[in-house]
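Read the single chain below, which is given as structure tokens and is the form predicted on its own.
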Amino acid sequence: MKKRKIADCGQEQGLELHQNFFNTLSEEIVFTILDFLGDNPLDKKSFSLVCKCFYSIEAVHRRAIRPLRTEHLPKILSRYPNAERLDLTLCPRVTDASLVAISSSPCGSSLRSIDLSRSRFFSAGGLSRLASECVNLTEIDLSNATDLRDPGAAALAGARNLERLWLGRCKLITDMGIGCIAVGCQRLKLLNLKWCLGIGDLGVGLVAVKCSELRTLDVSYLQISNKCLPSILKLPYLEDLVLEGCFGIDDDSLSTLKHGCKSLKALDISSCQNISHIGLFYIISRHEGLQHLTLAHGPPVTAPLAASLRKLTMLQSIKLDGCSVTCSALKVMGSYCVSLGELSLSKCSGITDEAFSFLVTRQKQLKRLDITCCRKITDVSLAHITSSCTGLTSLKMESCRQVSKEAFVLIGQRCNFLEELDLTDNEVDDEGLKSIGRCSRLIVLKLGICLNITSEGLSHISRSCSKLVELDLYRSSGISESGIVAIAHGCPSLEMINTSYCYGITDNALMSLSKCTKLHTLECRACPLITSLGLGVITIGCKQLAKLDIKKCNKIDDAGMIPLAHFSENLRQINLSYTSVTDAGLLALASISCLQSMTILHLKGLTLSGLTAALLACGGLAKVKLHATFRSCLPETLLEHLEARGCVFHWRNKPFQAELDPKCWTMLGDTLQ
């Protein structure tokens, strides 16, 4: 990169720059500083406000844009001429005029990626302009464009350099539309057609013939059969194939396959109800280079099926979630699959201590293990896991309630490399947490519905797990203020915390969390001791707060909304149901430009006029949940206006709900067993 002094930014800035220490830095050095700032928009905003030259250089350096409103697009696109990635997921309304503005902007020629997965109101005309003028586009995400039809798909064919395309849930596109894309976009390396129900064998077959460079193909839930499967498996570079929920593929179609795909590394045939162990045997025998295999919610996993896995000598990951697995199958897998890095048995029936222990004792390289809701395993299995799989980085064992509280000590004693641990709905107690505190690399810890833990246990976590980013304490009713204070002090990098239904949480707990400046998600519903004072303090300290759930915090009122509106500029989602917020508080929130989603059920102080004013004032709303009684009261013209802006209403008719005893969740789990 050519170096130059910042003083070259313009003669009119000369006087200011001669007085500025930063005028000795080259543009290259300033770019390096910007690279270290990361993706935090507040940091980049602060940087650009240092001086006029920094303002100009930051604009030239910026490569990714995520605007809040499409009406701001012309100004934003003009300021950032070198932008390569445009994320419009915060803009529910994107019209053809918006796409034309993007195409004709200074950054149009440099644009390589655009995300329209949460946007609506554009048509084939806008996409045609985008595809023809943004000649360097390599990535487009049109997932959830449920109104997109074949003309829109045909318009995409003009994007000749396209390499990655997502069309998930574009249900109105047919074989004709995808055929146009296949002919025009022959450089595609990734194509996602999940839930494109109008596409069948003809369209997928044409994609396989024309797009020979495909590496990743997702045709989940498409009405395809054996007619297009041979063409797919002839793709010379295909590495990842997802056939989830393809009911038209059966044993007979798989038995006719003469050749497999030698390059295939990952195969997902989850929820294929017409494929039995016979069909699986055929497809596995023709793809001996597979490294990742997903068979979730499929046929029973028996010994013959497990024996076919012996041919997959490079297998690193297998997912059998929701399958019925026999003991003999687990033992066969233990004999042949000894190099697994990931094993997922979530909600598998038939998992017992004897067979499972035999399997895990041979998995010395296992890094990720999921045994969620394997309700028959006990201390025996956990002992074998911790003694054999000492290199685990992720362990998920939600609702394994036959494991005693004493056994959880083994996790901390033997698995010190853990970064993710899910113990939701288990018998773990404070002694277990004391031991788990040795896992100093923990980033995610989930302790929801753990009724035996208290704040003392959390204090052990806080002393050693300083890297913790996510903590879930949902309905762990033994947690009080002191535990949260300890976490806030020992885990300054915390970004997400859930203390919902922890009735001992107070304002002091929220005040302590205000020191966790990276916090962006706070869920504290049904914490009756929290007031507007605590909420106000945390909003001042945690300016990155984006998601807030204070449902059933009935001591929070309008006084808490004022600081929230003033300091939480990044707030995008809020649940105010059952609080004491009135019209005034809701109107204050409407000033938050980022706010996109509100749930406002059972607010006694909310009037029709106040709701109407707030809805009109909140220009960026994309989703609102309201009680059904408001539907007939709100003017039809108002609803039409808001829907035209991109807002979707979800009407609920739930009666006022009384609180349940926390122990009822344990009793419910026992019933399910």
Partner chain sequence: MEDLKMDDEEALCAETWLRPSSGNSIRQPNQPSFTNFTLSNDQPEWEDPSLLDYGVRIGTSFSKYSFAPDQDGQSLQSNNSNSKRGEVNQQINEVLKIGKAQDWDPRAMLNNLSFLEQKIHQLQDLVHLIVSRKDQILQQSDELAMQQQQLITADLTSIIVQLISTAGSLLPSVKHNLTGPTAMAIGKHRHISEILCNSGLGLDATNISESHGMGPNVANQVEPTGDTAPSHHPLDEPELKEEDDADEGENLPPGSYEILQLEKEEILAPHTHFCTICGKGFKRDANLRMHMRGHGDEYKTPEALAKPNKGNSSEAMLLKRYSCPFAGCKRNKDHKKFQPLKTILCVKNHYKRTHCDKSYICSRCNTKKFSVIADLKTHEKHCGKDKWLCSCGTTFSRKDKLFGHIALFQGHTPAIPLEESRGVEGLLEQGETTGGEKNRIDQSINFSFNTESHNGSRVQNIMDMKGSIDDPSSYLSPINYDSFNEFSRAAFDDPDGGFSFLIPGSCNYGQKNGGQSCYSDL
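The structure displayed is predicted, hence computed values, not measured ones. Residue numbers count along the first chain shown, from 1.
What follows is about the form predicted together with its partner chain, which we do not show.
Not one of W166, D370 and C415 places a heavy atom within 4.5 Å of its partner chain in the predicted complex. For the options R63, K623, H641, K604, the one in contact with its partner chain in the predicted complex, meaning a heavy atom within 4.5 Å, is H641.
The single contact residue among F121, Y80, F567, Y282, judged by any heavy atom lying within 4.5 Å of its partner chain in the predicted complex, is F121. Its partner chain is not shown here, and in the predicted complex it never comes within 4.5 Å of any heavy atom of P41. Its partner chain in the predicted complex is approached by H72, whose closest heavy atom lies within 4.5 angstroms of it. In the predicted complex, T294 stays away from its partner chain, with no heavy atom inside 4.5 Å. In the predicted complex, at least one heavy atom of D147 sits within 4.5 Å of its partner chain.
Note that among 179-187, 327-335, 496-504, 434-442, the stretch whose heavy atoms approach its partner chain to within 4.5 Å in the predicted complex is 179-187.
Residues of 197-228 that come within 4.5 Å of its partner chain in the predicted complex, judged by any heavy atom, are L202, G203, L206, V209, K210 in sequence order.
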